[in-house]
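Here's a solo chain for you in structure tokens, the form predicted on its own.
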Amino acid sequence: MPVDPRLAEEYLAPVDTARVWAEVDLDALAHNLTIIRSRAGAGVGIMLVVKADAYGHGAVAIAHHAVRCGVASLGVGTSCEALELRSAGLRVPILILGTVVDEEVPRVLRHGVEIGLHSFDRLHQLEREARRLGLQARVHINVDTGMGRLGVLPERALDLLQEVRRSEHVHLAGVMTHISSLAGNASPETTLQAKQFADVITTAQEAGIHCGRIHLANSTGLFSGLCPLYDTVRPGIAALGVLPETIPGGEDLHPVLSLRSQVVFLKDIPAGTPVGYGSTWRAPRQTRIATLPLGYNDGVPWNLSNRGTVLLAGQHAPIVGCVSMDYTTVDVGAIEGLCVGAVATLIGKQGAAQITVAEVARAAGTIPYEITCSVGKRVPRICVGGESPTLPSQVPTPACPPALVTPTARAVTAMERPSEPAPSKGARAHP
């Protein structure tokens, strides 16, 4: 069973908030997964990467709905992220793409989490610990073709693959690499990495090694035409409607996240009045200041001080003064009729106007990933939509020969899944 229905219901239960909230559009997520499935093509499984709390969107709710939409497996960055998903009732395969530390290994193995394998030393430790626990550790060997962080170098990859094959308590579930270029397939570096990875896979297969799931394409690789895609792709932020602006296809995606707050105070000030820490802005004329109860702890970059905008009453209003930890101040002198309680949109649509994650990142001088990941823990994620999952189940190439596939390791089809409660329209999820 991929999802515990009781826990799915709990994480999609209503929660009341008015100070600041992030709306998570599950219908947009389903739409984006449809686009990704189309680009991946028939027979290619989707491993949805939900690391960093699904890039700030809320990993538990995103993962639950993605599995309802047929996603076959999940990727995370750390052991804690994997165990959080297990605790939330996710039973599909979960891969830790990063590394684990020694103390985390027993819990990870006991919860059936797959582990990225980067070295011979880690293999030996997993073999010892899996033997002690009477379990099989499932690993994906990470081949370092150019990222330079984790992974075995290509010239040592075959040796590591053969040692895993000889292991009694470590099973090879997959082989992967990590593309380093933000330009995806448009970069010569990516071409070189893909060639090195292909050489490793060919050599392993010629040696009779079953590689399990083979994956290298992330969001930028998938949307920039990287080939081959093998049997699994690893989209992350593209499923959430965000891509680097240089990558084609982003216009087909729907943003999943909106960040909103409300006006809690309005103050008329005369010309020359300073606003915010350091008095970095002074009113050039008599105007009105709206105070919003969110700041850089909630996902408003400090670099938007005196340069960002907010949507109020469907109009762009400038952020003035320094963004502080808990508050942001906005010049609303040009907006008539604004009152306390008016909804403010920092990311998303309001009427015909829109502020995208890419626009916020550009104004703040950073990348879109950092913007969504910085939405703080005290911001509840409120799920909307999600009544009608539209994707068929993903059935990736088995991670081991068919005779060895266990019920918990294989992809579960929609026909085999128990009925799961659909969130009502406007349902809200716990943070």
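One-based numbering along the sequence shown. Predicted model only: the values in this text are computed from it and were never measured.
The form predicted together with a small molecule exists for this protein as well; it is not shown, and the discussion that follows is about that form.
- Residue contact check for K51: one or more of its heavy atoms lie within 4.5 Å of the small molecule in the predicted bound form.
- Interface membership of R149, defined by any non-hydrogen atom within 4.5 Å of the small molecule in the predicted bound form, is confirmed.
- The small molecule in the predicted bound form is not approached by Q196, whose heavy atoms all lie more than 4.5 angstroms from it.
- Residue contact check for G174: none of its heavy atoms lie within 4.5 Å of the small molecule in the predicted bound form.
- Here is the short version: of A82, I237, A137, A290, the single residue with a heavy atom within 4.5 Å of the small molecule in the predicted bound form is I237.
- Just one of L97, V320, L346, V357 comes within 4.5 Å of the small molecule in the predicted bound form, counting any heavy atom, and that one is L97.
- Stretch-level contact analysis of 338-346, 307-315, 322-330, 212-220 against the small molecule in the predicted bound form, using heavy atoms and a 4.5 Å limit, identifies 212-220.
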